[in-house]
Every structure is written in C-alpha cells, then in structure tokens.
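Have a look below at one chain only, the form predicted alone, in structure tokens format.
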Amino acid sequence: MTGKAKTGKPSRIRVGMLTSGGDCQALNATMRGVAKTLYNAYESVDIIGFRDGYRGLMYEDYRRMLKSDFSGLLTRGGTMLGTSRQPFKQMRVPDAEGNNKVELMKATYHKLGLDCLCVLGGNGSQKTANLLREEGLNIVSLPKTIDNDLYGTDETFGFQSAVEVAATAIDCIHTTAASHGRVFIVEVMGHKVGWLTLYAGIAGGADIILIPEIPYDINIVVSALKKRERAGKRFSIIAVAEGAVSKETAALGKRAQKEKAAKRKYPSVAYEIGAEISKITGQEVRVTVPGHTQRGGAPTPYDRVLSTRLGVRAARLIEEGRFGRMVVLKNNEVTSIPLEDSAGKLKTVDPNASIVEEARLLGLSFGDR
C-alpha cells in the first residue's frame, strides 16, 4: 500500500480475495462490491483471486483479476473463484506432503506482496481468517452463510436468498398436499441452527416447524396433526431443519448423539419423523428435500443490496488500514467488529425470541408443547 498520487487517491493496493466453505447466491455480488469500491478509491488496483478457497492460498493456485471480471456479477449465483471446505480443526494438521498449512498460506501471502486478504465465508472460514490474523496477516472478512448463524451480525448475505428458495418449495408443496390430503415434510438446510427453517416455515405457511434449538416430542407433533384434522384440515405441512432433534436425543451427551445418528436407518431426520408419524397415525407421509437448490440461483434483490453494502464497507476498511475486522449488519446499518469477537461463535435461535412467540400465537407448533 503506497502513498497518495497527485489526484489525491492512494496510488496502489494489492488485495487477495477468496471464498470458502459452502457456496451461496450472493458471493459474486459481494466481491463485486469490494472490487468496484477499490477501483474507485485507488489509482492502481491488483486483485488476486484464489481458486477454491484456502486451498488456493495454500498451494498458490490463483489468478490476477481484471476489472472486467467484476462486471455482470450482481445477479450471478455461486462463486466465480470456486470454493472448498477446509475444516478449521485440520488447519494445524500437516497436509499429505507433511507441509504446515498455515505456513503455506502465510508464504503465499507474503510472496505475492499482498496488502490485505479479503475472506468471504461462514463460521469455519471466519475461524481460519482469525487464525491468519493472529499469525500477523492483514485480514478483512465478510459474513457469508445461508444459515444466518454468524455471531455479531443481524444477517449474513445468502440467507434471504435461501429463504426464498425454501419458502417457494413449501409453497409448491401446498397444492399437492391439499390435493391428496397428506402430511408433507419439507427438510430445510441447517444442521446446528434453525434460522432458515424458521423463516421459510413462516413465509411458506408451514403448520409445524422443527428446529435444533427447540427439541421436539413426536407425540406432541402427532397431537398437532390430529388437532388440524379435527378442525377439518385435509393436509399438514411440517418444515424440518436437517439438525432437528427429539427431546430424547437432546438429553444425550454429544458423543451419544453422534453414535445414535450413525446408527439411524433413515437417510435423514425428516424421513425418521415421517416414519414415526406413519407408524402412530397410519397416515401417508411424504418427504421433500430441496437440498442444494437452497444455495443456488440468483440472489434476491435484498441480498444484492446487502452484499453490495457489505462489500463497499470491506473496501473502506482496507483503504483505512483497519484490518482484523469482519463487516456486519447491525440495526440496518453496515459496520464492523473485531474478527475475534465473532470467530467460533454461533448465533442460534432463542426459543423465547419474539419471532418464535409470534409464530406460536399464529397457531404454529414447534413440537415441544
């Protein structure tokens, strides 16, 4: 990073950029926001894009980005740089060749003469970003995840786009469920937190919502279904998070929970719940799994705006030399927090949150009471 040119702009900046972990709809739009702001702020901008996340940083797999690379990205889903999952717990474990992964990443950073590394990622990616910060690298990070589970930000980019897909899946199930008079279960992504299932379930008009933070009792779920039947309802729709757990399972220790999950004879919890409902009631139950479609497609207008705002703020942090921070949304204002304040922390759904209480007042069941 050099001094200012005669125009008043700093003359040069060299920034590395990578996307890590699961993909989502607004990654490209966020990178565009960062890049366009830097191009407007500096006389000369070098952006080095690392392919497939931290793997590219480790093994010097990168390309020098052109200004034109950032055109037409606002509506394009996925990530033009590619991504991969590099578990944080494995970062201190040598690679197949016995190399220290952290030292490899640091060496690439310094070899390329980067002024900053911009990381777009979720919880695990932010932990690695914080690790690199602790190792002395200049880091600015952005909160990406469809799960909306990053601590310190009201929303992550990708979340609202995923809600749109999941809610549409529930919408589409309504017509066939009503036609056949069946119970339908829609399994929504979310292993550890239930934000996506909660929002999609409310938006899609689900009758029962099961999330990890509120363990369910299958008998209470069945009671809710029977109550609808007595009210003359021909069908019911249950939105189930991938990580939904029964009260019985939740009472077990983490190790016992893993052992139980490993012995599950069904593909996922949604199918297990469906089988239990069928066994108790004799009703036909169908399971729909939108799966990775929830990560795909174009970002919603909301996410395009949010990702652009976050990208602009990240570029401003780089320009100001305020490193070691994650850009966040707080009360609809874009700001930033120290990266260490967020890394490794999950933002879960509070079972007593107002949105949960409002859903209950509507008559929705969470299978717990």
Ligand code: F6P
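Computed from a predicted model, the values in this text were never measured in an experiment. All residue numbers are counted from 1 along the displayed sequence.
What comes next is about the form predicted together with this ligand, which does not appear here.
This ligand in the predicted bound form is not approached by K258, whose heavy atoms all lie more than 4.5 angstroms from it. Using a 4.5 Å cutoff between non-hydrogen atoms, M189 counts as a contact of this ligand in the predicted bound form. Contact annotation for I146: at least one heavy atom lies within 4.5 Å of this ligand in the predicted bound form. Taking non-hydrogen atoms only, K127 never approaches this ligand to within 4.5 angstroms in the predicted bound form.
Judged against this ligand in the predicted bound form with a 4.5 angstroms heavy atom cut-off, the residues R85, E242 and H292 are in contact without exception. Stretch 292 to 300 is the answer when you ask which of 100 to 108, 219 to 227, 203 to 211, 292 to 300 has residues with heavy atoms within 4.5 Å of this ligand in the predicted bound form. Shown here without this ligand, the chain has no residue in 103 to 124 lying with a heavy atom within 4.5 Å of that partner in the predicted bound form.
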